[in-house]
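The chain below stands alone and is given as structure tokens, in the form predicted alone.
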């Protein structure tokens, strides 16, 4: 965690102007000086309330004590494990055909959120929703039908946490959130050091993290889509597991595919410095399963996550099995490779193996990961 808040100036100097912003939304939605605008964070005026500024504190690209966060979320220190703290690693898919038709892969995220809402586990869910122009925006779902409207992936960065910041301070609704690893990290920073002048971070009862290798710049990628497709016809995006090496775009009647090399040029620059592929500080993490079509990999990390998965199993909402050992080995290999790439990029940027910029790891642990 940062020793002191540096406010907007520190945020721009160290993160936004430095090309490290993830567009997570942790700094917008309540601050009168910052706003999300056309795929970037804009400074509307100079911050005059540095004593209240929290934008710097909760940014996932400012310094974070990984041990402190891990202790808060899991009760243990951060380790060199490839996929973070785990209780179980499973494969699962929804038993609801309406969900699997609309959702990505096995429909696990939509199923779990719908169940959590029906059972009073949560009273709303903060999600990413794509508009008719296919650009993502943060959305508060308060009914199952709302959740269904958010099914699927856009692969573009979205300021999801902006919607949490907009919730009135006196609101006590229990919330779930679906987030990328950088956003999950920001939530974890908030849980370790609760923000003031916002709805209580304790209201976020369930964090479902998504697997992520990289995210796309919403402005640049949206322009590419506009130039190559009729966006009004687009129904779904997909990046099939390796070795497919392509980006698929589906309409009601056809599929258009682009080589991933053509898509990667729209990747957010900050993604090169991200260690986390599997949303390690979530309650449950969800991704695809290599070589098993129509299923999700599910990493259960916390007691709350385990309770929700057990509820889904007992009520017949999910079909669940163990992740095959070969698939688990490959997941760990891919996750470790991302950690190594990111650490090497960070060291290359800082010019010092002891300076990991925002990553608060001991030199010993960092060297062990790099072995």
Partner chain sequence: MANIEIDAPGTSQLFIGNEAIARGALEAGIGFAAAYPGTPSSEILGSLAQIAKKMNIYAEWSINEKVAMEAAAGASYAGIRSLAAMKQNGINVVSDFLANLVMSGTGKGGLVLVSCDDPSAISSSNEQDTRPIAKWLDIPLVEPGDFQEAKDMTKWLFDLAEELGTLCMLRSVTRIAHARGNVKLGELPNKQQKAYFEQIHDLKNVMPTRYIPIPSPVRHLFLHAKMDKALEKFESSLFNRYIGPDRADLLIITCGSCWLYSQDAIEALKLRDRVGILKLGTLWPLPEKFVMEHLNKSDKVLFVEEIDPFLERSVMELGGSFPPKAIRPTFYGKRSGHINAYGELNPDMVIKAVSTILGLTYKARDADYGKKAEAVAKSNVPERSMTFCAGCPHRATFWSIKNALKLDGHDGVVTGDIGCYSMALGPAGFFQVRTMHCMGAGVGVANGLGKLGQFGFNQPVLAVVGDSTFYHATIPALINGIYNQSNFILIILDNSATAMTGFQPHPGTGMTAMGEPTKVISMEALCRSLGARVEVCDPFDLNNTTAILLEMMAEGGGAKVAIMRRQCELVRAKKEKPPYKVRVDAERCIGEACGCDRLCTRIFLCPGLIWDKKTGKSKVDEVICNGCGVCVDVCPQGAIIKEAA
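Positions refer to the first chain, counted from 1. In this text, all values refer to a predicted model and were calculated from it rather than measured experimentally.
Missing here is the form predicted together with its partner chain; even so, the following discussion is about that form.
A.B. asks: Within 4.5 Å, heavy atoms only, one stretch in 34 to 42, 341 to 349, 63 to 71, 310 to 318 touches its partner chain in the predicted complex. Which?
C.D. replies: Correct option: 34 to 42.
A.B. asks: Any chance all of 149, 248 and 257 sit within 4.5 Å of its partner chain in the predicted complex, going by non-hydrogen atoms?
C.D. replies: Spot residues vs its partner chain: no contact at all.
A.B. asks: Taking 4.5 angstroms as the cut-off for heavy atoms, does residue 202 touch its partner chain in the predicted complex?
C.D. replies: Because no heavy atom of residue 202 falls inside 4.5 Å of its partner chain in the predicted complex, the answer is no.
A.B. asks: Contact between residue 323 and its partner chain in the predicted complex at 4.5 Å, heavy atoms?
C.D. replies: Residue 323: no, not in contact with its partner chain in the predicted complex.
A.B. asks: For residue 98, is any heavy atom within 4.5 Å of its partner chain in the predicted complex, or not?
C.D. replies: It does not: once its partner chain is placed as it appears in the predicted complex, residue 98 has no heavy atom within 4.5 Å of it.
A.B. asks: In the predicted complex, does residue 54 have a heavy atom within 4.5 Å of its partner chain?
C.D. replies: Yes, residue 54 is a contact residue.
A.B. asks: Quick one: from 293, 227, 169, 118, grab the residue that has a heavy atom within 4.5 Å of its partner chain in the predicted complex.
C.D. replies: Checked against the cut-off, the match is 169.
A.B. asks: Its partner chain isn't shown here, but in the predicted complex which of 197, 131, 145, 77 has a heavy atom within 4.5 Å of it?
C.D. replies: Checked against the cut-off, the match is 197.
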